[in-house]
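Below, in structure tokens: the form predicted alone, a single chain.
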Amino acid sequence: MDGFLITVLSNIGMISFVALSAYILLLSGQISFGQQAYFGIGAYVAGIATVMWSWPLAAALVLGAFVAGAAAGLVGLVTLRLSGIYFAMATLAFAEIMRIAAELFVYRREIGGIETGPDGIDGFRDIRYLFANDISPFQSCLIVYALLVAVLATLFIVERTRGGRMLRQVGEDPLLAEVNGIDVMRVRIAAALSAGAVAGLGGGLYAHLLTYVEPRSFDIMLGVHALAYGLIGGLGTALGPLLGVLIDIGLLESTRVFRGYRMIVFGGLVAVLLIVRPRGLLDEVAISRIRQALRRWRHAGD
């Protein structure tokens, strides 16, 4: 397979994790500009685990997701009592604190005669687990999509459970949900924890595919884009954020037609869709119509 195509597909897959992370919080009725913080935490923790502690990749990714999820849960305990713009600004402030902390974080060791590890503003280089274990770019891409499919399958299953229905009820009307006996804070903390873990898993993959991370890789623009992917793609299904990523990275960033105009086109698209389709292309109405059309097609086939 063409190297450029593999790179684009890998980027789409990795960024889909942070897009799904923001989507989970959107379902709970909260707008977060800070999911890039957990993406970064997962990247640094997973990188340290494989490079500094010689952990296998699978264990390192699990650790990165766990630490990111735990951090998101702790932040949620403090911030989820806020709502609207106050919550959004609190998440952004936390993300900036984490970015600055990464610029100050130094943890160096000599590995194989070479000093390596996080080096403050210079970042964390030589995360070479994939190369050291002869894992090709194509195989790496398969790993990304295998994990992405697993996350999507989990979200699809959860959305059909009582917990998934409660999450959407909280997002649509938290006061009514509380009147109906739903513990709004508990649901939102669970959503924040899950969202952090998903972002952390994507961050761990990002660190190993790119072989390095640096604090500026997790700036505010990543958080803004992650949020916008769900708003563009739609909140009716977990496939919505993936559609947003495909439009931005798969189309606007990867084609020459929009080179130099990507941010203008992307910003304009977000503005138009917020007016025309405030819950995105694949909103609840669109998903309902698609399901009805599939049922009719199946009945016609019978």
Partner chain sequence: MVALDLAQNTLDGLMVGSSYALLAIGFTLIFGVMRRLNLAYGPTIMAGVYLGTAAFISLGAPILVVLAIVILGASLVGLYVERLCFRPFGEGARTASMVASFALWMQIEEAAMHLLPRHMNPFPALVASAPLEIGPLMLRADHLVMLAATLLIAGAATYLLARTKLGLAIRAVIDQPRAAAIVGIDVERVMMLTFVLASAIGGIAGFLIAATDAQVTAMIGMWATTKGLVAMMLGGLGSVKGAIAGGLLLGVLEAHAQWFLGPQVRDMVAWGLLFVLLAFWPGGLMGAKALDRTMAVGRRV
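Numbering follows the first chain given and starts at 1. What you are looking at is a predicted structure, and each value in this text was computed from that prediction instead of being measured.
Keep in mind that the form predicted in complex with the partner chain is missing from the display, and what follows is about it.
Participant: May I ask you to choose, among A153, A146, L82, A132, the residue with a heavy atom within 4.5 Å of the partner chain in the predicted bound form?
Facilitator: Contact with the partner chain in the predicted bound form is made by L82 alone.
Participant: If you check I189, I182, L209, M89 against the partner chain in the predicted bound form, which one has a heavy atom within 4.5 Å?
Facilitator: Contact check passes for M89.
Participant: Name the stretch: of 197 to 205, 97 to 105, 154 to 162, 134 to 142, exactly one has residues whose heavy atoms fall within 4.5 Å of the partner chain in the predicted bound form.
Facilitator: Every other range fails; the passing one is 97 to 105.
Participant: So in the predicted bound form, does W53 come within 4.5 Å of the partner chain, heavy atom to heavy atom?
Facilitator: Contact with the partner chain, no.
Participant: Hey, in the predicted bound form, is V270 touching the partner chain, heavy atoms inside 4.5 Å?
Facilitator: Output for V270 is yes: heavy atoms within 4.5 Å of the partner chain.
Participant: Wondering, does E115 line up within 4.5 Å of the partner chain in the predicted bound form on heavy atoms?
Facilitator: Because no heavy atom of E115 falls inside 4.5 Å of the partner chain in the predicted bound form, the answer is no.
Participant: Considering non-hydrogen atoms and a 4.5 Å limit, does the partner chain approach I111 in the predicted bound form?
Facilitator: No - in the predicted bound form, heavy atoms of I111 and the partner chain never come within 4.5 Å of each other.
Participant: Just give me the residues of 262 to 289, first to last, that have a heavy atom within 4.5 Å of the partner chain in the predicted bound form.
Facilitator: The stretch 262 to 289, when checked against the partner chain in the predicted bound form, contributes R262, M263, I264, G267, G268, V270, A271, L274, I275, P278 at the 4.5 Å heavy-atom cut-off.
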